[in-house]
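Shown below, as structure tokens, is a lone chain in the form predicted alone; questions about how it binds or moves come after it.
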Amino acid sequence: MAVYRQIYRGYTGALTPAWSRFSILYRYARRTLFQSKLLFGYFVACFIIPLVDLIVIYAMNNPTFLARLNIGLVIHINRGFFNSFLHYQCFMAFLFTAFAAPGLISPDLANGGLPLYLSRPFSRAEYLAGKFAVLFVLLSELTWIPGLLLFAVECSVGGAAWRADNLWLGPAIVAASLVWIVVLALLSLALSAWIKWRVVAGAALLGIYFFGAGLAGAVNAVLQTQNGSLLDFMELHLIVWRGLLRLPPPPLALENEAWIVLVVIAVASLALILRKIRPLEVVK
């Protein structure tokens, strides 16, 4: 065919619905993350704790099974059991985030790829939603989804009395996990946006966790107070979880203060992300 006949023809195929365009970023970002066999292997290893807890639930509700194995250990499947599950599982999810999150935004900024995204029918909100969805879905798969599975199994084998007393635990597990996921995802994306080196961004997130815990312990010991716990990222969530899971509070309750600090962290992280996600960058 002659060159002059190669005229422009508009695209006539099916269009992606505007509301779901952010899922394109989610799909490709998730695929890129799991190209690392080490990261994928760690993600699979994170399900060891739910598997062990599932065995514990089965064993505690089957006395004949324990008698056959000659095991006299008794573990009560209650709010404390699920609080421990959330604690350990969210720590595993935190380590996963420290390795996965830095590669979500920083490469786009370091390589000048952000204007290419935003020059297409993607808004800043859709770009952020696509990146946020990666962590939200993956962390959900590590936290409240297996937590609800354990809760459903216990409801099935624990009897009507257990269900009547603990039916509220299901929504509480979801709420506690969502608080953790939202704050952690926004914080890690903010570090990824402002620190272009992936290794440094991951180290900064780990530093917030471990250095904050050490600083909180030092402040509590020196000043003879518990207010230093507000500097500990994990302790903030443990305080909030005590209220959601109806656990007895510590001698000096800091639930309201912990909620305020978590909201401030989430809002500040979102503001930092939006400040970096722009269609152009002015270099002085």
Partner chain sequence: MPSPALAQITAVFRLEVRKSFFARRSLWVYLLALAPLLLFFGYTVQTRMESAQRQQLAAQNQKPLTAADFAAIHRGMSEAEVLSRLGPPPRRITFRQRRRDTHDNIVVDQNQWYRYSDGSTDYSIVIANGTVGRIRSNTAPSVNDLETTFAGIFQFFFLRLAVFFGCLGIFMNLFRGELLDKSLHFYFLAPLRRSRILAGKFLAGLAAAITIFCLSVALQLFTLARLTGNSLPHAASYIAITALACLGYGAVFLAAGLLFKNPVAPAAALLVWESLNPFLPALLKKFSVIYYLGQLSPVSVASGPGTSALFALLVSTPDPISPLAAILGLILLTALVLAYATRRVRTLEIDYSSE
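Note that this is a predicted model, so its numbers are computed, not measured. Numbering follows the first chain given and starts at 1.
What follows is about the form predicted in complex with its partner chain, which we do not show.
Q: Quick check for you: of 41 to 49, 27 to 35, 60 to 68, 239 to 247, which stretch puts a non-hydrogen atom within 4.5 Å of its partner chain in the model of the complex?
A: The contacting stretch is 239 to 247.
Q: Out of Tyr117, Trp162, Phe210, Phe81, which one falls within 4.5 Å of its partner chain in the model of the complex, going by heavy atoms?
A: Of the listed residues, the single hit is Phe210.
Q: Give a yes or no on whether every one of Val137, Leu149 and Gly158 sits within 4.5 angstroms of its partner chain in the model of the complex by heavy atom.
A: Checked in the model of the complex: no contact with its partner chain for any of the three.
Q: Does Met234 make contact with its partner chain in the model of the complex, using a 4.5 Å heavy atom cut-off?
A: Met234: no, not in contact with its partner chain in the model of the complex.
Q: Look up in the model of the complex whether Gly214 has a non-hydrogen atom within 4.5 angstroms of its partner chain, and give yes or no.
A: Yes - in the model of the complex, heavy atoms of Gly214 and its partner chain come within 4.5 Å of each other.
Q: With a cut-off of 4.5 Å between heavy atoms, is Phe99 one of the residues that contacts its partner chain in the model of the complex?
A: Yes, Phe99 lies within 4.5 Å of its partner chain in the model of the complex.
Q: Is there a heavy atom of Val56 lying 4.5 Å or less from a heavy atom of its partner chain in the model of the complex?
A: Although its partner chain is absent here, Val56 would stay clear of it in the model of the complex, with no heavy atoms inside 4.5 Å.
Q: Taking heavy atoms and a 4.5 Å limit, what residues of 183 to 218 are near its partner chain in the model of the complex?
A: The stretch 183 to 218, when checked against its partner chain in the model of the complex, contributes Trp197, Val199, Val200, Gly202, Ala203, Leu206, Gly207, Phe210, Phe211, Gly214, Leu215, Gly217, Ala218 at the 4.5 Å heavy-atom cut-off.
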